[in-house]
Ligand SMILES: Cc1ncc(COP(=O)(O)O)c(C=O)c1O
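Have a look below at one chain only, the form predicted alone, in structure tokens format.
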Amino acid sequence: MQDYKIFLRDIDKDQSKLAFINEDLVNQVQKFHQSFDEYQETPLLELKNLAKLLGLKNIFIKDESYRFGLNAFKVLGGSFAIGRYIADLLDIDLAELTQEKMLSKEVKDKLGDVTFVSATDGNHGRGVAWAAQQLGQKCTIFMPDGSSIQRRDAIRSHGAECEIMEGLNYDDCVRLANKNAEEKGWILVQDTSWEGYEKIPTWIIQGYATLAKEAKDQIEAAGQRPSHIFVQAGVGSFATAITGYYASAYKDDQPMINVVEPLRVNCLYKTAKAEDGKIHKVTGKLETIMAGLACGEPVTIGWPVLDSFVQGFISAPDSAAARGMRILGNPLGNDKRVISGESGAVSLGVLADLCQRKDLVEWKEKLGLDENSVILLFSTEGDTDFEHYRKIVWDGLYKNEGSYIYTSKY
């Protein structure tokens, strides 16, 4: 099992850690997003046939490729953070914060000319660029070495300046964006935090949670509730949003929450496993096909939430992401097809591996995955890198690991 690292532990479920990310607050955040003309719930798909094949009761997956026409969920965080920045700056009450208000001449005149800056592997930067474009403001985005040209061009399509920085990894680009913000008076909209930079990352986490509320409403409308949640993580901001919302909404009977990271870029796993109260980083090139998860430094404001409510930390190989993409793109029976990118599909790939790989059977049992399990997953992006998606799904790039069990027909 050298291609997987799994750490399970007891959790304290300290509700006091949820002061900034909870069910009541997220209800307000969703109202902000609902004010956008482009807003509509993304679909929650039921994969009954796949669940039967894997020996589970049901699998639900939230398809974020439909979000605001941007093929990824990240715009939820960037738009809310920019909205809250404007509200705070102009002393506007959150309840009055709407798209119409943000785009009004009154707000534009008071705000003046602003440049928003961020670092990204693709999806977050496009969300920030889109939000800045809606406001008629400038935006500059830095991307790490090796980033997708398609993702860069998608960011530029919203009028932003965007460059891929040779020799810099994601965390280096974050520092570069921050340096520009300090020196030029730009506004940094970054989905990770550190001492002295916590307000905007908090708003981004809150913005992400709109999709968590949607999923809860949708799964309950189907007459079910999740027993297990698998959520992917880079710095951990999205995972914090999901964990915080469901820990609050289901505080009396919380689903088992598991965080999934790339095997070689697993800062949250390392931090949890150390059990020393310190943040642990991954440095260097940060090699993984999961570009959106290639982040080596945990989000400081989010870690207390993850530490208190996440029971499982799973470091997964690139082959799990590739397998997840192929499974979702080739559904069983009348299950709906999901076009999911590398970062979006990894949790489904991990779930399938846990249920089917002979060398992972013991972990399936330890995680309590059985015929009573209802699984909730989040496909956070579509084929945001068109060429690489086809190389994996069509051409078989990244071979599956292990020996698989196929003992039942759906």
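All figures in this text were calculated on a predicted structure; none of them were measured in a lab. Residue numbers here begin at 1 and follow the sequence given.
Form predicted together with this ligand: not shown, discussed below.
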| query | finding |
| --- | --- |
| Close approach of D63 to this ligand in the predicted bound form, 4.5 Å, heavy atom | no |
| Any non-hydrogen atom of L293 within 4.5 angstroms of this ligand in the predicted bound form | yes |
| Contact of A233 with this ligand in the predicted bound form (heavy atom, 4.5 Å) | yes |
| Partner proximity in the predicted bound form: S237 to this ligand, non-hydrogen atom cutoff 4.5 Å | yes |
| Region of this chain that lies against this ligand in the predicted bound form, out of 172 to 180, 135 to 143, 277 to 285, 73 to 81 [heavy atom, 4.5 Å] | 73 to 81 |
| Stretch 116 to 148 - residues with a heavy atom within 4.5 Å of this ligand in the predicted bound form | D121, N123 |
